[in-house]
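Presented as structure tokens, the chain that follows is alone, the form predicted on its own.
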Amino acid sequence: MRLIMIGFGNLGRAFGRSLLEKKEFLLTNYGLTPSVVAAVDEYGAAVDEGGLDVKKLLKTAEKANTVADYPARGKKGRSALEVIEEVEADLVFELTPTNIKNGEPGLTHIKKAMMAGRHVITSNKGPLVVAFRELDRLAKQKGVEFRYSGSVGGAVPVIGLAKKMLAGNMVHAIRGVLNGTTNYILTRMSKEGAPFDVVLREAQELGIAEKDPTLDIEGTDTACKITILANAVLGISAKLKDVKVVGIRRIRPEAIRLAQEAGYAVKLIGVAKRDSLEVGPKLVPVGHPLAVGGTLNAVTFETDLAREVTITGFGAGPRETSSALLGDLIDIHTALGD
């Protein structure tokens, strides 16, 4: 299967390393031999329709900070749209940074790929919160496969569990701890009684929180994921503006202590129902499956037959998200019967 990778930053490189690591596994277990025929970053592209050397591609990107310096096959200034239009490929990975305002440039990349008859895998939340229904319809119209497991939960197969393993169930509601940064902060505050600002600085020093943690601590990242789950699992037409959002900035150690004394943990919970979407701090009974600590994610599906089903695991991180991307690649390969 010929792959185009749009975006070759931390995630793109982690996925490249996963392709090398899993080469024999993919061939032996699935008869799948992925070939990266193009890689694009903000500075240019590397293209070889016979297949790029991924090891060499990684070395080039890490040394020069761009794939455009790939020997003989790199070209500065070559855009993602040019590559999608001109390079023969079966599938496009859209791995550019998230833009929740208008979904760009990822939204245009995905549309262009679908219009060209390419299957698409993305971890980019931006296009999904802006135009989920439009992209879903376009994929069906063009007869291409569209997967986005990496957009929610990192390595935790949240969407796959709901859409496949729970396929016989009606999902009434989804509740989840969907942001590892905020969960780490709340966990540390509960264990040490430290103020929010102190724990946030610690999380930034450890690389758990971004330099600008606004999207995490204000609840926006969780709201994006709840929006995607509402669309993908509940089948409603939801956008980010439909979510009522409250973050964790105002939570004080005293409130967490009082909750602990009453047998509860304070967690930032996203909730999706067919008539409402919300994100905010909630009291979760200690021992409940959603009362996970550290950077863990957890999602509970409330269903008619299976009742409550919860899945827990490590959330976003380049290696963890690579797990989801690889799973989506295998899923498309299997669906196509290649």
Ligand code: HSE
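The structure displayed is predicted, hence computed values, not measured ones. Residue numbers run from 1 along the displayed sequence.
Quick note: we don't show the form predicted in complex with the named molecule, though the next part is all about it.
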For this session: Please run the contact check for residue 181 against the named molecule in the model of the complex: heavy atoms, 4.5 angstroms, yes or no?
Result: yes
For this session: Decide whether residue 316 counts as a contact residue for the named molecule in the model of the complex under a heavy atom distance cut-off of 4.5 Å.
Result: yes
Exercise. Do residue 119 and the named molecule come within 4.5 Å of each other in the model of the complex, heavy atoms counted?
Worked result: no
Exercise. Does residue 94 reach the named molecule in the model of the complex, with heavy atoms at most 4.5 Å apart?
Worked result: no
Seminar exercise, completed: Residue within 4.5 Å of the named molecule in the model of the complex by heavy atom, from 243, 186, 209, 162, is 209
For this session: With the named molecule left out here, work out from 215 to 223, 228 to 236, 187 to 195, 131 to 139 which stretch has heavy atoms within 4.5 Å of it in the model of the complex.
Result: 215 to 223
Exercise. Though the partner is not shown here, which residues of 103 to 131 have a heavy atom within 4.5 Å of the named molecule in the model of the complex?
Worked result: 125
